[in-house]
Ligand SMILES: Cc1cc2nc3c(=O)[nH]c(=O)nc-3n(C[C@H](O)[C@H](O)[C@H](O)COP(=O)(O)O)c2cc1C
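First, one chain by itself in structure tokens, the form predicted alone.
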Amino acid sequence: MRELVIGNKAAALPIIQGGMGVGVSRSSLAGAVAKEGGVGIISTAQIGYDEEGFDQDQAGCNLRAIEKHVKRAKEIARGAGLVGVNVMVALKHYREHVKAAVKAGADVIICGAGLPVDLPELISQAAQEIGALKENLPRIAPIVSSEKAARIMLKMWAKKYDRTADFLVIEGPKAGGHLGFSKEQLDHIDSLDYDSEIRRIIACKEEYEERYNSTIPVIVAGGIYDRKDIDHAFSLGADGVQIASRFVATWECDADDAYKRAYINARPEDIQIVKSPVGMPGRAIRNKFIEKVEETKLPIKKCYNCLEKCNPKEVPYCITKALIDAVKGDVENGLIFCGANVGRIDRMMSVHELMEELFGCCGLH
């Protein structure tokens, strides 16, 4: 099985475990994935939800938690694989999270839920503040869902910073959580020729590989469930895959056991597209919470200062509270994001067992 080489960093296996917030993928899961030779990703979205003082100081707790979980994941990994973070551009403290990840020693930083136009600048600023060498800085990637978005990002980074992406994450319409597609597209997902879109994105990045005499690995995400899906992604020209939902039903996942059981018990007909306060459609497991939101606006008693563009008086519910309730185990009254294939997950396993199933190897120890 091929390595995943990103700049001067390499993982033995070409797999990135997708970032899942709030609190679903933190150091336990990311560290276990890296230990097996993959790329473990920590979601920074309200990562400090269980830190002391979170109700009074979300920003401070989140920054402390980023450092704690990156370092802990690396300790678990024991020098194997890579450990990185996923930072949503839509977060109110997106810039601070990026800088905190750099200072904590993250190997990679992936940004989605918006276009991370200033990400190279933030990396440089953080490096100057801590006196880090260029070769030790995180490798960076935007999440894109279309050739148009990929071209915009690569063109802007080239123009503003005379550099290109270290890798690209292409997130398709079958992914979990927030999606870069319209409700209409998601309602007619089977009619989308997304393979062609992936090929167009790959062709687009090849222009910048030639321009900068570098390699820009492409990671395909969304609906990747088994080895057949992985091989199909490779056949399109991908260098690796990103998988998220399957890692929820692992012993090492950071979510409550009730959250994991919700994945195992979910049927295909339980999955639906919901409207998120972020302004994007999202894929989630239908439960009492979603039924309530469909009928009425849920009053917001406290603002957790999570999203840059969120007016508590206007949004239908508080997404931070909904996600925290779910990850803590209240799976009927919280929001449970998931991928399109969650209905196929039927048992718990270890990260090691999952990696063996996907790649037919024993991992690294």
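Start at 1 and count along the sequence shown; that's the residue number. Remember, it's a predicted structure, so these values are computed and weren't measured experimentally.
Although not depicted, the form predicted in complex with this ligand is the subject of the following passage.
- For E171, a non-hydrogen atom is located within 4.5 Å of this ligand in the predicted bound form, even though that partner is not displayed.
- Of the heavy atoms in N62, none are within 4.5 Å of this ligand in the predicted bound form.
- Taking non-hydrogen atoms only, M20 approaches this ligand to within 4.5 angstroms in the predicted bound form.
- Of the heavy atoms in G222, some are within 4.5 Å of this ligand in the predicted bound form.
- Remark: all three candidate residues (I143, Q242 and C338) come within 4.5 Å of this ligand in the predicted bound form, counting heavy atoms only.
- Residues with any non-hydrogen atom within 4.5 angstroms of this ligand in the predicted bound form fall in just one of 255 to 263, 126 to 134, 194 to 202, 269 to 277: 255 to 263.
- Put simply, of V98, M88, V108, L154 only one has a heavy atom within 4.5 Å of this ligand in the predicted bound form, and it is M88.
- A heavy atom within 4.5 Å of this ligand in the predicted bound form is found for exactly one of A77, I285, A233, A175: A175.
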